[in-house]
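Next up: a single chain in structure tokens, the form predicted on its own.
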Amino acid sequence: MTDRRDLTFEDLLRNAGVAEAQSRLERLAPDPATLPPSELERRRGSAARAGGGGGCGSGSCGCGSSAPSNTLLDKPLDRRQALGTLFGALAVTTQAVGACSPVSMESDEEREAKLLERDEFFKGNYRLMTPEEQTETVRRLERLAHLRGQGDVQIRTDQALEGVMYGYAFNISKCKGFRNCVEACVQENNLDRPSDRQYIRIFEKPDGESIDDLEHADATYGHEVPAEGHYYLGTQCFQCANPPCVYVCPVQATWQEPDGIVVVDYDWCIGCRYCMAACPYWARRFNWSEPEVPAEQLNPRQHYLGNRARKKGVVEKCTFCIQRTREGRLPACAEACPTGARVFGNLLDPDSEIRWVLEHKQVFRLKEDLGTEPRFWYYMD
């Protein structure tokens, strides 16, 4: 017998999976002593005709399942495959038990959703996926959204455009604090409604007060705007060229795309919130509960790295509306601004509006001394 000290991590997981599967079947199998004589005789006859013992797992109970083979377990597996084997065995066991039970409490759609969720859990990091794997995971997510009653969503995986580096400029002189941008962002990016989740903050500050001091600025004002003797300043993710949030992530769930957008693979985020602590611009938000968006308010045009459904226990952020900008459209906040205070464009295009602003206006950035190199500038007329 193999010494337990010689067992690998994978061996333990595989053995645990088989043991758990067998244990579940044994617990749910009927006790022969409690069966009527006629039913017991019928089962014995079925087992004899099948050439072996009866019961679930022998192929004679009507569910079509068979005893587990050791073939798969004999193959070398890495840690992720071993975890997949463990949970895969439990999922198959659940299906077999459901088929053998007199009454299954799960519908076909519920069982399908569970299998899709399992496959989603064991998929790779987005950056390591092949185009085929990206297509498959998008297909699963779209199907899951339908099964969960979220409607028919279309999730895109548009890659960064060549020759594009996005940048943003904010005209303090023009912003009047209306917050149309905030509302547009909430709707476009499917932000959680019960918690009043917002990526954008519009701060109201007294005239003459330093722009750099936002620690005590008011972003929750509820009075009529613009208020006399005050000015307004917006913040969101600044898509830094040197993003500290990316460097501190222990699982590489967040990174910077070639077009400058810092994104998150929400299925790889472990919710440690190191990125929140590292960001000096308060740009990231943690989901303390499962985000909720009413079906009638859900934006079905989504991007895998942007406004698709997030979940409890992960960190999310602004992506410059990646689902829009990679189609050549403006972010929702810039499009919704009624005063023209927001300028968005390609920093590599010498004829873009944002390049004109940078070349003809006196611009500055928040906390430039930190070396984060934000691609978000402020200026005044």
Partner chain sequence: MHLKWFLLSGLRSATTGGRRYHLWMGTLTLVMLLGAYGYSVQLRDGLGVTGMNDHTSWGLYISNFTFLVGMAAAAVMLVLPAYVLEDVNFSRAVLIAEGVAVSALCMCLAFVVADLGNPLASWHLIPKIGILNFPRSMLAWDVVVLNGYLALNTIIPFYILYSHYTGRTPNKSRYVPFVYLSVFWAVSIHLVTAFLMAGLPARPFWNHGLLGPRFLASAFTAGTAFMILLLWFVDSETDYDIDAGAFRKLAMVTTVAAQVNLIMLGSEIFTEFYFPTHHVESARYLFFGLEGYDALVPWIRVALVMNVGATVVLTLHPLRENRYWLLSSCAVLFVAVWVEKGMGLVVPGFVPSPLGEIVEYSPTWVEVVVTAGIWAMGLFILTVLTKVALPIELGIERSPLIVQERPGQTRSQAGGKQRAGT
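None of these values were measured; they are calculated from a predicted model. Numbering follows the first chain given and starts at 1.
Below, we refer to the form predicted together with its partner chain, which is not included among the displayed structures.
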Just one stretch in 273 to 281, 176 to 184, 223 to 231, 163 to 171 has heavy atoms within 4.5 Å of its partner chain in the model of the complex, so which one is it? 273 to 281
If we define contact as a non-hydrogen atom of the residue within 4.5 angstroms of the partner, is residue 296 a contact of its partner chain in the model of the complex? no
Is residue 252 near its partner chain? Define near as a heavy atom within 4.5 Å, in the model of the complex. yes
Would residue 322 sit within 4.5 Å of its partner chain in the model of the complex, counting heavy atoms only? no
Even though its partner chain is not shown here, does residue 285 get within 4.5 Å of it in the model of the complex, heavy atoms only? yes
In the model of the complex, the residue from 309, 138, 246, 113 that sits within 4.5 Å of its partner chain by heavy atoms: 246
In the model of the complex, which of the listed residues (123, 143, 205, 156) lies with a heavy atom within 4.5 Å of its partner chain? 123
Which of the residues spanning 321 to 341 lie within 4.5 Å of its partner chain in the model of the complex, based on heavy atoms? none
